[in-house]
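Take a look at this one chain, the form predicted alone, written out in structure tokens.
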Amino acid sequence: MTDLAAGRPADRSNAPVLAVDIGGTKMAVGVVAPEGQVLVSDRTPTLVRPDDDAEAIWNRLRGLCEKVLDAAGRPVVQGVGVGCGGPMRWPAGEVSPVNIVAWRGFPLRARLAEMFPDVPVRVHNDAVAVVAAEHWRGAGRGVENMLGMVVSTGVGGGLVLGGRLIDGGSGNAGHVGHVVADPNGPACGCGGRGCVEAIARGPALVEWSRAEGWRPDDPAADVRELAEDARAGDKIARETFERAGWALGVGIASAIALCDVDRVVIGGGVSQVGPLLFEPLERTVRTYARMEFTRRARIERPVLDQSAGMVGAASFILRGDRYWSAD
């Protein structure tokens, strides 16, 4: 878009951002105002069929972007921010989400840049996006040093030190889901064994509880039913969340000692079970984080709702001074 009278590109600094949040279960797209408010949004399942290939998933995402832009009145946007499940080649935005098997080395940033050739497109890990959102607008506001985690279909994380998002050499710094909690634990989708994610992610909770004998005649039962049974006193269900909280606590205690953070913010669908997970998690952190500087870290739940992924994705454009370091 060009200012013809001046002969130079029009100023888009007050324009909204198209924000994209891609996880193993759902994809969400929103138009986000410069102050961080989600103006219009919609979502769709990431996979409609188990055998969806890379192009089927991409076409679903492209269609969702078009639908949201139509609903917003086709605004001029100043950029496209994306949070996607990792790992990925960063900042190239070639993604290989552990929980989206059809996308291996998928050129997500390049595909979106073809759709939006006149604005920056920035792709980072979806958990990193949530961490940026909570640091910018949520539970980490005003905190200089923070670890954020998302416990959902996978377990991801991101790290803010000195008030800035830390990317690491490949953009995967803070990926606490692949800290090893139990070297003799279950196999992880990353190829390792005993990772926090292998024990605490939602599908792993259901798998472990079923192996222990939970609801053998109800194959459709999921984490929600598992939590309901745990609250009702079911022994296997309660042990499942104890085990998950322990694994998360071990990973968090290690990360606190390594990174010297003031706050840990934990969100994601599994975290919504509340005390079932947080009580064993906090107990484990207290057990292992015994040095004076590690004991000061506060564990908090998110302030933002399910829009956090989109708000964080938008922050890569809107607050690139803090949350983006490469183009």
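Source: prediction; values computed, not measured. So that there is no doubt, residue numbering starts at 1 and follows the sequence shown. We call the rigid core the largest set of C-alpha positions that still match within 1.5 Å between the two forms.
The protein also exists as the form predicted in complex with another copy of the chain; that form is not presented, and the subsequent description refers to it.
Colleague: Can you say which of 70-78, 212-220, 189-197, 132-140 gets within 4.5 Å of another copy of the chain in the predicted complex, counting heavy atoms only?
Modeller: Comparing against another copy of the chain in the predicted complex, the contact stretch is 189-197.
Colleague: Would you mind picking the one in A257, A113, V101, A92 that has a heavy atom within 4.5 Å of another copy of the chain in the predicted complex?
Modeller: By the 4.5 Å criterion, the partner-contacting residue is A257.
Colleague: So which of G168, P117, G233, G105 reaches within 4.5 angstroms of another copy of the chain in the predicted complex, heavy atom to heavy atom?
Modeller: The residue from G168, P117, G233, G105 that makes the contact is G168.
Colleague: Mind checking whether each of A173, A181 and R296 has a heavy atom within 4.5 Å of another copy of the chain in the predicted complex?
Modeller: Judged in the predicted complex, A173, A181 and R296 all sit within 4.5 Å of another copy of the chain.
Colleague: So in the predicted complex, does any heavy atom of M291 sit within 4.5 Å of another copy of the chain?
Modeller: Judged by the heavy-atom cut-off of 4.5 Å, M291 is in contact with another copy of the chain in the predicted complex.
Colleague: Can you tell me whether D262 touches another copy of the chain? I mean in the predicted complex, with a 4.5 angstroms heavy atom cut-off.
Modeller: Yes - in the predicted complex, heavy atoms of D262 and another copy of the chain come within 4.5 Å of each other.
Colleague: With the cut-off set at 4.5 Å between non-hydrogen atoms, does W208 touch another copy of the chain in the predicted complex?
Modeller: Because no heavy atom of W208 falls inside 4.5 Å of another copy of the chain in the predicted complex, the answer is no.
Colleague: Find out whether any non-hydrogen atom of R164 is located within 4.5 angstroms of another copy of the chain in the predicted complex, and reply yes or no.
Modeller: R164: yes, in contact with another copy of the chain in the predicted complex.
Colleague: So that I can tell if G202 moves, could you say whether its C-alpha shifts by at least 2 Å between this form and the one not shown after the core superposition?
Modeller: After core superposition, the displacement of the G202 C-alpha between this form and the one not shown stays below 2 Å, so no.
Colleague: Is I256 displaced by at least 2 Å at its C-alpha between this form and the one not shown when the rigid core is overlaid?
Modeller: No, its C-alpha moves less than 2 Å.
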